[in-house]
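Next up, structure tokens for two forms of one chain, structure 1 and then structure 2.
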Structure 1
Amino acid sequence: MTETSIERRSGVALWRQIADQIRQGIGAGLGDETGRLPTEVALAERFGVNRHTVRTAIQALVQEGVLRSEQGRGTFVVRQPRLSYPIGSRTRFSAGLEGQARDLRGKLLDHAYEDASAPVAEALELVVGAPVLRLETMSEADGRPISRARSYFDAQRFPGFERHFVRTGSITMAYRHFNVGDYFRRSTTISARHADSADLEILKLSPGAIVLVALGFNVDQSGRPIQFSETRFSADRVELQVGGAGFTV
């Protein structure tokens, strides 16, 4: 991590670039044995900026939970290990994080019945314009938001699915009302992106944060598509473990 990695004419705010560099430096062992970062003065010299710019970057990472500031002592790395979330042929939120968090919750943020777009219709093997249910959900582990998802379901096969999700807080449990006792992940595609405005608000991230985006297709036991979803994970809080065939990055 050096000052030459900061680009003044890139169109990206200097404080955001510095926040990204600090975030990367943490993974490379930035900080002393107690996790304390170099002083604001030292970081300002390293990046060739003023202390206010460094302070803004640090405040953003404190808000995100990556750093903590202690009056009179300095700024420290929050030593909280990432949750390990397995993505395989039977991906399940609660089962995947079992033993890593005490309290796991799924929350419904929004839902709507709408006409299937071409990509959604293709994923669910429906005709374009067929009625589908869109669910906007957020998952928490011990009170920390770790992911948000947009999922689509065949509205004719799963009418009122949102009510069963609200009642149970679980996609898996909601499926059982419709006699889907088991289901499988047909494929997953994973990419990394900067958080968008909705990620910042829902996942409580700071600008410049990275999210891992998993595009997934689920099928029932007969191989019939039942869910098409895009799930966005906070990369600072979750690492994805991918296994099995049908998964691409």
Structure 2
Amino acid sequence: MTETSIERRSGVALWRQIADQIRQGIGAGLGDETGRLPTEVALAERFGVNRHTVRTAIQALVQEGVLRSEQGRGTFVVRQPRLSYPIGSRTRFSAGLEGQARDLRGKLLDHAYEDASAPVAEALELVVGAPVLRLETMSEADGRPISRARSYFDAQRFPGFERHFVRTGSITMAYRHFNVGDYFRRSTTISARHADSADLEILKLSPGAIVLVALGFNVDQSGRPIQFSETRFSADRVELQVGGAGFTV
């Protein structure tokens, strides 16, 4: 579906372009049924570069855990299918990925009580400067980092929210302590960009990687805003699913 080629003098090193294309190609069946990649010489010829340049690309992917090289045998794909993350009116982290991974977990990286900035205040329908709780979280599936999120909550309505989250490991559970039995995703805005240095570290990505950015906006049953969050997904590990697959839009 996609014809490959690389650009010189583009500001992106050839080895990085090749690494990106190999990473992408893996899903589309690059490598035979045993997961074996073409040889370094064959890849070099295909991309029109020196063998050493291909080696640099492969080494980066080995470092990332995407490939595995064996001297004398070849280079092999380490099978890691992309997760499909459903987005809709009832978007939930754990429920959405159930069945796609054995071990799902969320971690609290940091939290702080702050004064609401203009965009946060507008989203939560508070006045600028009102106290809000900021949560920095990240999630893993079977030990692979999947996403990181920055979420804002009304501090007056949800005092000590972070403690409930840490104890239960779940936003949904934490809401229950504040009598929010159910809640809804009112809107999600999706964009994409290159990972910044914090993304690289937290999601264990290599420089030049892409993140899907989802700005989400949750409301309770009465329609009052309760959460505003920016979630960044590793674009190589996750795709976002809107509607379909037995999922109520």
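Basically, rigid core = biggest C-alpha set you can superpose within 1.5 Å across the two forms. Just so we're on the same page, residue numbers count up from 1 along structure 1's sequence. This one's a predicted model, so the numbers in the text were calculated from it and none came from an experiment.
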query: Identity of the form predicted together with the DNA, given as 1 or 2; finding: 2
query: Post core alignment: Thr39 C-alpha displaced by 2 Å or more between structures 1 and 2; finding: yes
query: Core-aligned C-alpha movement of Arg224 between structures 1 and 2 reaching 2 Å; finding: no
query: Yes/no, Arg51 Cα shift of 2 Å or more between structures 1 and 2 with rigid core fixed; finding: yes
query: Between structures 1 and 2, how far the Cα of Ile18 shifts once the core is aligned, in Å; finding: 4.1
query: Value in Å for the CA shift of Arg73 between structures 1 and 2, taken after the core is superposed; finding: 3.2
